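The chain below stands alone and is given as structure tokens, in the form predicted alone.
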């Protein structure tokens, strides 16, 4: 149902940083093709981005960049931070598209990422305390699967993970549960694609779930096929705080989509692919970090009060 108020909130929500793009291949301390799709976390008074970096061979690895304000003066690790184990069938063709959460119970950061295995892309998990050394816990679910992230805490004693398997050719968002981060079950569809909408072709998680008073804010990407290409945009949904497998609301509009030239022209045109989000509490702003046209990193900001106002104006979810 059309709502002019909701449409205005959606259209005005995110403001792009005037200094975009914030990271490109020209900034890198070693030769690369492109940098995009970063995970994001605030740590030790800095914003840390764990970026997907594509080498000149076409394989991806992960490299850290840090900034005091999350916008400028990025300090980039001089060598790749996390590289694929080339002897592993799980990681044979690289590491892609990480997401980060702080696991309070374990006092460690959990990084879910895509391992490009011999059998296709699959979801893997690594744990770290310092983003210098990493304990790989291996693949969580079989291929083909992408766009995964854990929730930062348990629900009724179980961990929850959002992910995007391809099942019978369909690309919906799923949620699964685990008692130990190793054995996963209770798989169920969380959100589905919508025929004729901007998210008609496939959908997947954007950044990590963000807890707000109303529940868990879910940013997700949606893809629509056109006669010329595919367009990647970002939308919002709201999950129940204690039962995150229950969707409470879902926006009908996209809130961030390709508009600027750096989002329209690149290795893959017409892409805004959010993979990291940081709530800057002193500003009450959400900074979202995204791959722009699959070859550079950009950031956009939104007031948290406007985000909450928008999501509560969205229709209640009917499945």
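Numbering follows the first chain given and starts at 1. If you're wondering where the values come from, they're calculated on a predicted model, not measured in any experiment.
What comes next is about the form predicted in complex with a small molecule, which is not displayed.
Remark: of stretches 249-257, 282-290, 64-72, 29-37, the one touching the small molecule in the model of the complex is 29-37 (heavy atom within 4.5 Å). Proximity of residue 268 to the small molecule in the model of the complex: non-hydrogen atoms within 4.5 Å are present. Proximity of residue 224 to the small molecule in the model of the complex falls outside the 4.5 Å heavy atom cutoff. Shown alone here, residue 146 lies within 4.5 Å of the small molecule in the model of the complex, counting heavy atoms only.
Residue 97 belongs to the set of residues with a heavy atom inside 4.5 Å of the small molecule in the model of the complex. Although the small molecule is omitted here, in the model of the complex none of 104, 151 and 241 has a heavy atom within 4.5 Å of it.
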